[in-house]
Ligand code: AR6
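Next up: just one chain, as structure tokens, the form predicted alone.
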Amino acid sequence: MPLQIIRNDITKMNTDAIVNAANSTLLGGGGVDGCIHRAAGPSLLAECKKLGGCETGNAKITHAGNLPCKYVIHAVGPIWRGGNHGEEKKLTSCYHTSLFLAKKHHCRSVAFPLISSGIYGYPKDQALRVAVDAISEFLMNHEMTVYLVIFDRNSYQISEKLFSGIAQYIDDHYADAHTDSRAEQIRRIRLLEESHPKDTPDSVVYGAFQSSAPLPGFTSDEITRESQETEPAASHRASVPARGMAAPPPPGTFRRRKAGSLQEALGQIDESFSEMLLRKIDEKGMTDAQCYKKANVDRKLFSKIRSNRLYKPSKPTAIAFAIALELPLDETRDLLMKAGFALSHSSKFDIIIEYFIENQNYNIFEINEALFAFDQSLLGA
């Protein structure tokens, strides 16, 4: 994917370039700056001495010495002085200048630390927001793989408001999916019984519990008594299907014609993920490039999807396209189903995605910030 947030040591990144959070002298210092100079060896300092320093908000480039990358881009971030002294503008300039230097030197990949968020005191959540906004703006118009490298958990922080909102949403929905009441569990068992013939073995009816008993902790009499207490009124019994018979489909539901042969069944194959995706792009009036860039997906992967109607993406990639297309939740589920996936409240990843869609926040980079904060896979490919 074009922008990835990863946990790593930036001196170990095998990219074309890495960015050093330098001071204005460019002669080394503490934190990331000191680590990079120690790993690169004396040749890096010797080259930096020839540069004559660097202004805050700007960047200069050198070779990488003993580091596994080709170049080191030395960016001088602002010291935090409360936020009213042009800090955001200068920090944004650090990222833009560094990215254009990388492009000028034909770099296809570059790794950034979270500039100014260490001893310079820039609040980590705000530093992260500036970094993601500046990098994503650049990537909308240029092809490059950019890594935002976080050394440890303490170096990474999303806004407290966003974190709390997602945490509460996860708590509400994840708990609901795993804490059915005793009466609700019994009700579901009775519904499961109703959908099977009377002579169906208990081991099949209760297969979800991997047991021939109705349910651990429940007796048959208890299930019968509970079902009697919740039996629908006589006026509604006509709508309940008889034992062993499937319930009729909801009004307006498409019912596929029964195929007479395997060949006929295969002839009824649905629209594929690739076909649905391309149709949705056209319906939204987007270009291919607009879509795959908003999805944080590499151009080469999109070309594979376009050229192969049966292409099966990963779940994060499929969701990334739904986010790029700004699909509502029902259409997101439809697109996922075409790729063989679904959203479930038993997955924190899925619940976070649902949270952002329900709040109509389709900023994939902000979604990835949240996913990273909750130790989940990121969107894109």
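Numbers follow the displayed sequence, beginning with 1. Just so it is clear, the model here is predicted, and its values are computed rather than measured.
Beyond the structure shown, there is the form predicted together with this ligand, which is absent from this document and is the topic of what follows.
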(request) Considering only heavy atoms, tell me if Ile119 and this ligand come within 4.5 Å of each other in the predicted complex. (result) yes
(message) Using a 4.5 angstroms cut-off on non-hydrogen atoms, would Ala102 count as touching this ligand in the predicted complex?
(response) no
(message) How about Ile115 - does it come within 4.5 Å of this ligand in the predicted complex, if we only consider non-hydrogen atoms?
(response) yes
(request) Considering only heavy atoms, tell me if Tyr71 and this ligand come within 4.5 Å of each other in the predicted complex. (result) no
(request) Answer with one of Tyr169, Phe302, Phe151, Phe138: the residue that has a non-hydrogen atom within 4.5 Å of this ligand in the predicted complex. (result) Phe151
(request) Could you tell me which one of Ile364, Ala22, Ala17, Ile357 places a heavy atom within 4.5 Å of this ligand in the predicted complex? (result) Ala22
(message) Looking at heavy atoms inside 4.5 Å, which stretch does this ligand contact in the predicted complex, given the options 59-67, 311-319, 46-54, 31-39?
(response) 31-39
